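First comes one chain, alone, set out as structure tokens in the form predicted alone.
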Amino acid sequence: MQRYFMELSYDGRGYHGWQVQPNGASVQGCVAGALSLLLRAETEVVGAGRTDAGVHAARMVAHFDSGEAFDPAWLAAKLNRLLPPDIAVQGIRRVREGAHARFDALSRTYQYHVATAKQPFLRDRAWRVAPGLDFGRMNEAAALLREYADFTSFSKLHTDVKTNNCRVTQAEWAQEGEAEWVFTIRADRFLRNMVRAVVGTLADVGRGRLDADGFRAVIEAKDRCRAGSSAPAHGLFLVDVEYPADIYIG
């Protein structure tokens, strides 16, 4: 058996998230079904992480195994013809034996888009907020994320993870266009619902409901009830997953 990494992008609006669900369409299930058909064998697909329902990906990475030799470019082209328009395969590469899309990832990067004015072309890609958010104060608070490891306050409740610790290496807002702001956050791992909970709480800072010290207190409380509401899913994109360079073959 040989292992391959597949790079994907998808519009999450029509799916109940990445992971296979018992009663709803998933990106993972759709891709696995197409792969199994083309490879003529039941093929499991394992992603670098789980995006929630309605969340998009500009670059998701997943691995699969095959006992049959094939041209990766040929398979990617075949998959793109078979998959629906809202899922695209960007490339397939062979990786070393035992490489794992989830456990070998060095970091993941998400971006969250906010529109401060009515933007018809962003209505399904950004959270429309009222004008007046103070992004300077939001950046001051966001910088505090790099000082902490335990992000229980921003985690979905009752999950099965063994630790709520993450190492955040980037967290900042930047303006893109006259009425669009983008929050970029990079970490070694993320908790369920973490980015959307962080963005929702930072929005409270921008509205003046919290200051930087209040945001720090939310983190230190390790209590989801102390944080703000989660921002809507449609503004969130997984944009990158980083791996060691030597994971790839050829």
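Given the structure is predicted, the values throughout are model-derived calculations rather than measurements. The first residue of the sequence shown is number 1, and the count goes up from there.
Not on display, but discussed next: the form predicted in complex with another copy of the chain.
Checking Asn164, Gln175, Thr169, Gln90 against another copy of the chain in the predicted complex, a heavy atom within 4.5 Å turns up for just one residue: Gln90. Only one of Gly132, Pro85, Gly98, Gly136 lies close to another copy of the chain in the predicted complex, with a heavy atom inside 4.5 Å, and it is Pro85. Although the partner is absent here, Trp18 is not a contact residue: none of its heavy atoms lies within 4.5 angstroms of another copy of the chain in the predicted complex. Although the partner is absent from this view, Arg196 stays clear of another copy of the chain in the predicted complex, with no non-hydrogen atom inside 4.5 angstroms. The shortest heavy atom separation between Val31 and another copy of the chain in the predicted complex exceeds 4.5 Å. Interface membership of Arg123, defined by any non-hydrogen atom within 4.5 Å of another copy of the chain in the predicted complex, is confirmed. The candidate stretches are 35-43, 63-71, 209-217, 50-58, and the one lying within 4.5 Å of another copy of the chain in the predicted complex by heavy atoms is 50-58.
Along 12-34, a non-hydrogen atom within 4.5 Å of another copy of the chain in the predicted complex is carried only by Arg13.
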